[in-house]
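Take a look at this one chain, the form predicted on its own, written out in structure tokens.
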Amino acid sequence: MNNPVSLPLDSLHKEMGGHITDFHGFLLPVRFSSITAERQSVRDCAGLFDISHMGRFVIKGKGAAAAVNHLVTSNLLAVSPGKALYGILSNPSGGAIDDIMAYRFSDDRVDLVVNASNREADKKWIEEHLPKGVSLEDLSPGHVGFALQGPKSAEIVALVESGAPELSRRGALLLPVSGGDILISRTGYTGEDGWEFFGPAEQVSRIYRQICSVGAPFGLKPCGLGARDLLRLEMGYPLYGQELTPETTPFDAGLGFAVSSKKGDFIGRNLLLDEQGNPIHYEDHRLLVGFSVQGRGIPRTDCAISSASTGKVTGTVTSGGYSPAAGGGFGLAYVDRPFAEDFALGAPAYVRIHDQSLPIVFRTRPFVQGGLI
């Protein structure tokens, strides 16, 4: 087994008191103080996350945007240059190879940010499906990425990079620097306003340190993977490997907005549009639902969901946690499609936590309000 990779900000994280863990082969902080304190900082003011483990590809060549558009479920050609788009990299069955962010800079250049665990598989899949004259460059090694998130993030980033606050929501730009360029975007994975920076380690590490310094008076905290996971779960956002897999489609996961029926052919299109138009034909697919626990209990991945009326196990928790803002214990679960409709209408159900069966109720997503949903 390979040793986990130490990323460029690792020594700084240790100086800052970060508790380091192995995450998909990369050493990253799971927390600096407490997960709840870091989560609160992001909701109230701002938090800073190291996301250097994520992959960054550049797709170049004549027709690069059209080539990427054939690989993803959303319509990249419908967004203007300088905009980011969320989409699913789909397989022929409509399942999710990965969920990605695509940044269209021109017809001939698209940048992609992909999940760390899927980087090599994504690279291979994309390269196999690119037309002649279009190439993929993997900028991930030696690069740093970080996300600044929270309602105070605009004020903080304005003190460091003057052009960034001018970006509209889901805007993106390339900042030329020594050794390449820095991708700056305004998206996020928390439901709050925020920015992402990806680029050569030396330059982006310097910006990270500057933001730590100027952000401190605003209440900014360095944040770890634990707070990031809780924040995305409060918003009901999927996590690849839990809510998204090669066997689950965007419609299964409640991501129908990321499937464009108006654009031309893309991989998996026919099956996805059939599922959209004829869901009764897909009753063997489970649907993702949100729920909250009635009583004291924190659901975790793989806890069983059962129908209160029949006692039959009808689903499995994919992600769970505890958040006072979300009402206590809460989570996401895949449940049998017929039961999903009954559950949404109020059918009683239970979640099995350790040796107890606790009642749960259906919740629409997001679980918390506010921020930029």
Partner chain sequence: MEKRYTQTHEWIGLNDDGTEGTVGITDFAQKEVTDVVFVELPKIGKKVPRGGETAIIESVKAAFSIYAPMGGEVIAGNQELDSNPALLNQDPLGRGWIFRLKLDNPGEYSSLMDEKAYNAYLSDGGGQPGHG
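None of these values were measured; they are calculated from a predicted model. Positions refer to the first chain, counted from 1.
Just so you know, the form predicted in complex with the partner chain exists too; it's not on screen, but the next bit is about it.
**Q** Exactly one of K124, R296, R169, R206 has a non-hydrogen atom within 4.5 Å of the partner chain in the model of the complex; which residue is it?
**A** Of the listed residues, the single hit is R296.
**Q** Could you work out which of H53, R31, R43, R56 is the residue within 4.5 angstroms of the partner chain in the model of the complex, going by heavy atoms?
**A** Result of the distance check: R31.
**Q** Sort through 298-306, 260-268, 180-188, 280-288 and report the only stretch with a non-hydrogen atom within 4.5 Å of the partner chain in the model of the complex.
**A** Comparing against the partner chain in the model of the complex, the contact stretch is 298-306.
**Q** Any of the heavy atoms of K14 lying within 4.5 Å of the partner chain in the model of the complex?
**A** It does not: once the partner chain is placed as it appears in the model of the complex, K14 has no heavy atom within 4.5 Å of it.
**Q** Is it the case that Q356, even though its partner is missing from this view, gets within 4.5 Å of the partner chain in the model of the complex, heavy atoms only?
**A** Q356: contacts the partner chain in the model of the complex.
**Q** Even though the partner isn't displayed, in the model of the complex is L230 close enough to the partner chain, meaning a heavy atom within 4.5 Å?
**A** It does: once the partner chain is placed as it appears in the model of the complex, L230 has a heavy atom within 4.5 Å of it.
**Q** Report yes if any heavy atom of F26 sits within 4.5 Å of a heavy atom of the partner chain in the model of the complex; otherwise report no.
**A** No.
**Q** Enumerate the residues of 313-331 that have a non-hydrogen atom within 4.5 Å of the partner chain in the model of the complex, in sequence order, or give none.
**A** The stretch touches the partner through Y322 alone.
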